[in-house]
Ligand code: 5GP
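What follows is one chain in structure tokens, specifically the form predicted alone.
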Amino acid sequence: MSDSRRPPEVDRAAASRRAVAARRERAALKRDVSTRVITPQELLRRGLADPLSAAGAMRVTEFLTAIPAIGESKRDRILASLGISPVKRLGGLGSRQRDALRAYLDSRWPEPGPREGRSRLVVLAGPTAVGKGTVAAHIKEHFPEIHLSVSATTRAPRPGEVDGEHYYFVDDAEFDRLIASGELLEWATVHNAHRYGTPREPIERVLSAGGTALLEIDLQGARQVRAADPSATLVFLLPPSWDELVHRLVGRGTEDADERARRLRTARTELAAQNEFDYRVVNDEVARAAAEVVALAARRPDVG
């Protein structure tokens, strides 16, 4: 091959870097499935939605062996029974193959679907550092028809925070009174420090007027709301990957190393609870994730 036809060295180097990055991203996705950060169905959805993505470029053999309890022999039997070639990539599956693979996954590791009779009380929860507050703030700014609940807290206001707008700032005695009088829909002690809770009356007022109320709370709070109001719609916010969640937590720079390690341990536990929720939304981009949450909130409450 003459020099005039050989790709420039810079192009080959760039292509090599892209290939390495793609392999790393596929490896991270497989690790997330194997450690149950995301479900196999979620990885399949990502691959089908974007065939050119790392998920879409993943071979179906890699995909299946990333799932716990599936080894190479079992993988080959599954592919044979589903009529899927082992050289296929997730993004290149035909419609019949997609349906067959989805059906297999749902029969072995079913994802819970939304329940009937859901109300317009929408709970947004997820692991630490996933961006719940950022998504909720975007919804408040761009979708004012949705009422974002204001929590009560015993911590002191931070610079720029306004009482009644960001939080209701109360002392311990007042928080005790709110609990005793049943005025909180849920409450919890967060990070072994201050207490946070959701005042019940503003939520009930919005719902009785036919509006939609959004609560941005932690996992234990979401469970309390489900117990107090089983019709509430629960949405779990997922990170694009475990590596991205770690990056976001470290990037905030608001915790020391010990606190970061503790929060990441907590995040693992929180991620394991995602199947308790009606819906899962990936926070890969704030505006897109916020729009998806709003779309779920806008669904008729009697539609599953």
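Start at 1 with the first residue shown and count on from there. What you are looking at is a predicted structure, and each value in this text was computed from that prediction instead of being measured.
Another form, the form predicted together with this ligand, is not on view; read the next lines as being about it.
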ask   = Any chance E25, G47 and S53 all have a heavy atom within 4.5 Å of this ligand in the predicted complex?
value = no
task = With heavy atoms only and a cut-off of 4.5 Å, decide whether R205 touches this ligand in the predicted complex.
result = no
key: Partner contact for D218 in the predicted complex: this ligand, 4.5 angstroms, heavy atom   = yes
inquiry  = Whether T212 contacts this ligand in the predicted complex should be assessed with a 4.5 Å heavy atom distance threshold; does it?
reply    = no
ask   = T233 near this ligand in the predicted complex, any heavy atom under 4.5 Å?
value = no
query = Among the candidate residues A100, A188, A228, I78, which is the single one with a non-hydrogen atom no more than 4.5 Å from this ligand in the predicted complex?
reply = A188
key: One residue of R177, K74, R108, R155 in contact with this ligand, assessed in the predicted complex (non-hydrogen atom, 4.5 angstroms)   = R155
query = If contact means any heavy atom within 4.5 Å, which of 137-145, 78-86, 218-226, 92-100 contacts this ligand in the predicted complex?
reply = 218-226
